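First, one chain by itself in C-alpha cells, the form predicted alone.
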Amino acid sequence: MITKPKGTYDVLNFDARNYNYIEEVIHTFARLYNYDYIRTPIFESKELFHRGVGETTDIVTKETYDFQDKKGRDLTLRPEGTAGIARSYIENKMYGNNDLTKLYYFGTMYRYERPQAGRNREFTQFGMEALGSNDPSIDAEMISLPIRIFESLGIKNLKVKINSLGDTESRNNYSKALKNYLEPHINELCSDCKERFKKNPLRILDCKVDGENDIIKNAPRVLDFLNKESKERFAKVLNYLDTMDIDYEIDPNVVRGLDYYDHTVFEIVADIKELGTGNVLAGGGRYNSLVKNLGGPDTPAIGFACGIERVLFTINTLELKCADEKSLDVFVLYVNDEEKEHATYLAQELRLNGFSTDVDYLGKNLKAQFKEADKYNSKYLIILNSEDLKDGMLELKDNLTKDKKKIKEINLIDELDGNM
C-alpha cells in the first residue's frame, strides 16, 4: 500500500469543511480591508529565499526543499510567502503608480522540519502584505487583521506580543552590544548559535535549543537601543493599537525567525491552556529593506502569515463549530428507469437554479435512498412516480416537518424559492 509522505496529511470530512470555511472568512476580510488576491509559484529560484529569507535562518540552513530541474537550475519549494510576493512586486512593476499595494495569498508551503501537532512539512499558509507605506497606522491595520479573522472563527483570549527591532542604525547598535554580551558565553551555547554569532547574533535570540537558557534570557533588550526616530515610530504603532482597542504586550523576546524584519515585529497568541506552547497562531512584521535587497526600488512594507493547520488544530482542540454540517437543499428519489432518467434531468435543472441537489447513482432501493437523503441532511425530498410524471406532477416532502404535497413540476422552482 502506498501511503502519504511523513509530514503531510489529507484534508477531509469535517476538517475539509472547516478548511473551506476558514478560507471563506479570509476572503471576506480581505475584501473588507481592500486587499487583492495574489498567487505565486510553488517553486522559485533558490537564490530568492537565500537572499530574501536570509542565509542565517533555520528555514534556509536546515528546512528548504532544494532541487535542480532538468536544465540544472537551482530551485526551491517555497518555504514562506513574503519573498515570492516581493519578487512578483518587482518583476511586475507594481510600484509604478506609487500607490500602496495591498495583497493577500493562500497556498501550500514546504519546510523539512519535525512534524508535530499543527505543524507539518507540507502546510497551507495564508498571509497579507502591504507594500509602499511606512506609516505606523498600516502596522496597526496589519496586526488587527489576524485578530479579527480569529475572533470571527470563535477563537478568544487573543493577545498581541509586539516588539520593535528599530531601523538599520538601531539594529546595528544592538547587534554590536549583543555580540559583546554573548562573546564570553558563546561556548555554552549550541553549535547553531556559534554559527549565528558570526553572521547574525539576533538569530540566537530565536534559538529553539537555547531559548530558555539564562544567557539568552538575560541578554540586552533591543528596545534599549532604539534611536529617537525608532522609539517615536514604535510609540505611534502602540497608540494606533490602543485606538483600535487591541490588547497587546510589549515582549522584547519577539524577534521572528527571518532576516528581513525591521521595526515592528509581532505574534498573535491565543492565551488558551489547552494549546500549551503551540499557542502562536500568526506572526509578522515590517520588512523595509527586502524589496531593495532583491533588486527593486526602496519600498517599505509590512505583512503577516498564519498556518491554516495551526488554526484547524486550535478549532478542533477548543471544539469550536465553524462550518455547518454537510447538507443538501434537495434529494431526488426514484424507483424505475423512467423515473431515474427524469431524476437526472431534474437534478441538473435544480443545480442550475442554485439548489444543492443529489440523486442516487448506485441503484439503491427506495428505502436506502431515503437513508441516503437523511445522511446528507436534505431539506427537501422530491419523490418521483411514473403516474405523477405523466400528469406533470411530483411529490415534494419537507424533510424537517415531514409534510408532503403534490405540486406541478413547472411550479417547483417557485415553491422551493418561497421556502428556502
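For clarity, every value in this text was computed on a predicted model and none was experimentally measured. We number the residues from 1 along the sequence you see.
The following text describes the form predicted together with a small molecule, which does not appear among the structures shown.
Distance criterion of 4.5 Å from any heavy atom to the small molecule in the model of the complex singles out E113 from the list D135, D192, E113, D206. The partner is absent here, but in the model of the complex a heavy atom of R310, alone among R78, R87, R196, R310, sits within 4.5 Å of the small molecule.
Here the chain stands by itself, but in the model of the complex one stretch of 331 to 339, 122 to 130, 165 to 173, 181 to 189, 122 to 130, has heavy atoms within 4.5 Å of the small molecule. The small molecule in the model of the complex comes within 4.5 Å of no heavy atom belonging to F234. Using a 4.5 angstroms threshold between heavy atoms, C306 counts as touching the small molecule in the model of the complex. The shortest heavy atom separation between Y104 and the small molecule in the model of the complex exceeds 4.5 Å.
Taking the partner from the other structure, the small molecule in the model of the complex has a heavy atom within 4.5 Å of a heavy atom of T82.
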